[in-house]
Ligand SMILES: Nc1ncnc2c1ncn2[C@@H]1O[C@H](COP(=O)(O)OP(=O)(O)OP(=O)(O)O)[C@@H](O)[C@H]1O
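The chain below stands alone and is given as structure tokens, in the form predicted alone.
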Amino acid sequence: MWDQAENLRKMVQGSTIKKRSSVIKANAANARVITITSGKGGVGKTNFTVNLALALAKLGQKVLIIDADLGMGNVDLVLGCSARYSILDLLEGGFSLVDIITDGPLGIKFMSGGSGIYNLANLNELQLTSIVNKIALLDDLADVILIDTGAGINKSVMNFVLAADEVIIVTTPEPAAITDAYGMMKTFANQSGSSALRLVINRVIEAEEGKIAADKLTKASLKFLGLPISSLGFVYEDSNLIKAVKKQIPLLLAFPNTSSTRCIEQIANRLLVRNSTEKKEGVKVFFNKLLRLMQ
């Protein structure tokens, strides 16, 4: 899989390639950039991100995950693979985009962002142009880019939320989690966010519990914030998730027939159905927006 790394390296170096490999999208369309976030920690955001990526891959999508959780990133642990390099190595030179991308299961890709993303703010204009142009090649490599943020509504998290094409807010039915998710929506509205907002209720015991929580949040957001947010559905609480985490094997691979796996697969399907109506600005526009927000 993805054995055309040398071809991409030549692209990075400006070489002409007469035939693009099957990895490179023929229509050169922009990738769909989706930030996945939560108002508080402990709601299962990273596990959801990884398993959503796998569900999308099973539907034929080329997916890349960027771990943007500063200091607490653990996408690699959930994936069961180790990232040797990060965006920081791309900034410091000597590495190409392909060098810092790690292969994951089912052909998905993973890239560690970490503090390297915030070091972008310290570069001069020439350096920034060079780095962003390299990162822009991700539009050729992926149909969907999922950005896993930290939890909360601090500035570093909100920057990723405000820069994305779409945002998925993950919460649980607990009152504290619902309150924090609403706080995320309120902060987004106060900062004049324009991303399309989605909602996922995670760790649901019964279907009715998930429906009630989603209904409460979507109605409150529209009534009090004037902010439309659509529900993608819910994911059942699943004891198999703990087993999967201990094995460092994603739930969709370790336990493909559980109810929670089916929920995530349904969410992936809904996400693709809504794809045709969304504007995809691509990863270069995303990073340019992010840099402006960081200044």
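All figures in this text were calculated on a predicted structure; none of them were measured in a lab. Counting begins at 1, following the sequence as shown.
Keep in mind that the form predicted in complex with the named molecule is not shown, yet the notes after this line are about it.
Visitor: Using heavy atoms and a 4.5 Å limit, would one call I101 a contact residue for the named molecule in the predicted complex?
Guide: No, I101 sits far enough from the named molecule in the predicted complex that none of its heavy atoms falls within 4.5 Å.
Visitor: At the 4.5 Å heavy atom threshold, is S112 in contact with the named molecule in the predicted complex?
Guide: No - in the predicted complex, heavy atoms of S112 and the named molecule never come within 4.5 Å of each other.
Visitor: Can you check whether Y236 is within 4.5 Å of the named molecule in the predicted complex, heavy atom basis?
Guide: Output for Y236 is yes: heavy atoms within 4.5 Å of the named molecule.
Visitor: Does the named molecule get within 4.5 angstroms of any non-hydrogen atom of T46 in the predicted complex?
Guide: Flag for T46 set to yes.
Visitor: Within 4.5 Å of the named molecule in the predicted complex: all of A151, N202 and V245, by heavy atom?
Guide: Each of the three qualifies.
Visitor: In the predicted complex, which of the listed residues (Q127, N74, S156, T179) lies with a heavy atom within 4.5 Å of the named molecule?
Guide: Filtering the options by heavy-atom distance leaves N74.
Visitor: Just to confirm, with a 4.5 Å cut-off on non-hydrogen atoms, which of L232, I34, A57, L241 contacts the named molecule in the predicted complex?
Guide: Selected option: L241.
Visitor: 202-210, 137-145, 181-189, 158-166: which one contacts the named molecule in the predicted complex at 4.5 Å, heavy atom to heavy atom?
Guide: It is 202-210 that comes within 4.5 Å of the partner.
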